[in-house]
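Given as structure tokens, the chain that follows is alone and in the form predicted alone.
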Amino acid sequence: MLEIEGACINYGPVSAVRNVSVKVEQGEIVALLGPNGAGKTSLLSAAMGLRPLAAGSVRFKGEDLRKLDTENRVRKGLTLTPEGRKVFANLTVLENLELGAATRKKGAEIHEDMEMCFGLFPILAERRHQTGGSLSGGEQQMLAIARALMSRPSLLMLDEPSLGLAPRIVGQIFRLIRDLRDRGLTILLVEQNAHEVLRFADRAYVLSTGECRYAGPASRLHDKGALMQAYIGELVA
């Protein structure tokens, strides 16, 4: 479904990502792992058209995306929940969700998806008239995911969805991710909580210093020693 081939991403003279390829098949949860500064967020940003590629390509459902802006990538069914949530603090929950559907036109379908989001996140239904900034960290993360779902994506990219959340809320978020996959959504997930994600991911990529150190089944990384080997590039898929 999503194919990133030979991606190179630069920040001025600094090479942040070097010749990295990632493939996500329909119906999978794919984990993108690695230490801070490994290039994971840069790769998601490039897939969304938020960061230019110095080299390489991005294909979605067989279509080359390099000439499409971010809005049109969303229209194609690709969306991102960014690191740090980035909800609109001064807008209500309802207004945040409406903005998530900004690329869509069919009012009946938008209303249907909003009710679906409220079903997935009952707390957001209760807080629909509160501002995003008044929500707790966990509630903001739920809102960020719900806002992304309002674009009706076929592939959802999540950047650090558990960051800064209490363990109980982290468990809820991870259960939600599994539930979304069971509903047919394909997911590419950046996450520091590697061992928990590897319990339910289908495949994994490990990045370190801008290069891919491992690409293969997530099950091979369940052991802490194997995961460490992957981080330093000594585990062969």
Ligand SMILES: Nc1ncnc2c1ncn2[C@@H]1O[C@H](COP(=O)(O)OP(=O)(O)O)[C@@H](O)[C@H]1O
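Each residue number is its position in the shown sequence, starting from 1. Fair warning: this is a prediction, and the values are worked out from it, not measured in the lab.
Another form, the form predicted in complex with this ligand, is not on view; read the next lines as being about it.
Enquirer: Quick one: is L189 in contact with this ligand in the predicted complex, heavy atoms, 4.5 Å cut-off?
Expert: Contact with this ligand, no.
Enquirer: State yes or no: in the predicted complex, is some non-hydrogen atom of N193 no more than 4.5 angstroms from a non-hydrogen atom of this ligand?
Expert: N193: no, not in contact with this ligand in the predicted complex.
Enquirer: Answer yes if any heavy atom of V30 is within 4.5 Å of a heavy atom of this ligand in the predicted complex; otherwise answer no.
Expert: Close contact is absent here: in the predicted complex, V30 is far from this ligand, nothing within 4.5 Å, heavy atoms only.
Enquirer: Using a 4.5 angstroms cut-off on non-hydrogen atoms, would T41 count as touching this ligand in the predicted complex?
Expert: Answer yes; at least one heavy atom of T41 falls within 4.5 Å of this ligand in the predicted complex.
Enquirer: What is the one choice in A218, V22, A16, L227 with a heavy atom within 4.5 Å of this ligand in the predicted complex?
Expert: Result of the distance check: A16.
Enquirer: At 4.5 Å between heavy atoms, only one of the stretches 61 to 69, 168 to 176, 32 to 40, 193 to 201 reaches this ligand in the predicted complex; which one is it?
Expert: Of the options given, it is 32 to 40.
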